[in-house]
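This document starts with one chain, in the form predicted on its own, laid out as structure tokens.
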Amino acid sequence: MKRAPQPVPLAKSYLLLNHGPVTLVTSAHGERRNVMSASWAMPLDFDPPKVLLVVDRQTYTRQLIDASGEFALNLPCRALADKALAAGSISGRDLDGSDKFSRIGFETFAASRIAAPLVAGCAAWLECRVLPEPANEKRYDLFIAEVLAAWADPEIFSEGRWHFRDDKQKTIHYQAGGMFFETGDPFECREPAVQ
């Protein structure tokens, strides 16, 4: 049974990215849409919440982000690792009109605040609007965006904490050459007493 995503308070949305997972960046403009994998996404600020994302200017996703001024960050679970690798290996520009989502086998659903679709089966989703910084975008391929809405699978993330009940639910981290790591087991540390 599929669970409905639950909202994450925007001031806590940074917790979804704080551990550095792979993201699936979705974008759309007009009738065109695309998905690509990206590891260079991170939280930037709390209120309003902001993220940083690096997207090479040669990608089809970059073309759609430049045109629409928005994107979504989808956090795939280990169960989607093969599809995440495919999303980072195939260009939507090279599919002769085919939809990259259906070619890879991603199911999607509508976002609440942006036109880009969200990828079903992920652990969490962030809907983002670009805060234009042309110099950064041109020189570093770096986007700053405000998080407009944040969602998570309530079985995997709730009350500001990840709850990975099995390995297939864990978020993933890309190394290179098709190699990933899964998010490990949490542990808690206490601050040492000051002497």
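The first residue of the shown sequence is 1; numbering continues from there. The structure presented is a predicted model; accordingly, all values stated were derived computationally and were not measured.
Another form exists, predicted in complex with a further copy of the same chain; not displayed. Remarks below refer to it.
*Asks:* Please pick out the stretch from 27-35, 43-51, 66-74, 147-155 that is in contact with a further copy of the same chain in the predicted complex, where contact means heavy atoms within 4.5 Å.
*Replies:* Partner-contacting stretch among the options: 43-51.
*Asks:* When you measure heavy atoms, are Ser39, Asn136 and Asp185 every one within 4.5 angstroms of a further copy of the same chain in the predicted complex?
*Replies:* Looking in the predicted complex, the three residues Ser39, Asn136 and Asp185 all sit within 4.5 Å of a further copy of the same chain (heavy atoms).
*Asks:* Even though the partner isn't displayed, in the predicted complex is Leu10 close enough to a further copy of the same chain, meaning a heavy atom within 4.5 Å?
*Replies:* No, Leu10 stays farther than 4.5 Å from a further copy of the same chain in the predicted complex.
*Asks:* I'd like to know whether Ala115 contacts a further copy of the same chain in the predicted complex, with contact meaning heavy atoms within 4.5 angstroms.
*Replies:* Ala115: no contact with a further copy of the same chain in the predicted complex.
*Asks:* So in the predicted complex, does Arg93 come within 4.5 Å of a further copy of the same chain, heavy atom to heavy atom?
*Replies:* Residue-level check for Arg93: no, no contact with a further copy of the same chain.
*Asks:* Is Trp162 one of the residues lying within 4.5 Å of a further copy of the same chain in the predicted complex, judged by heavy atom distances?
*Replies:* Yes - in the predicted complex, heavy atoms of Trp162 and a further copy of the same chain come within 4.5 Å of each other.
*Asks:* Let me know which residues along 114-128 have a heavy atom within 4.5 Å of a further copy of the same chain in the predicted complex, or say none if there are none.
*Replies:* Not one residue comes within 4.5 Å of the partner.
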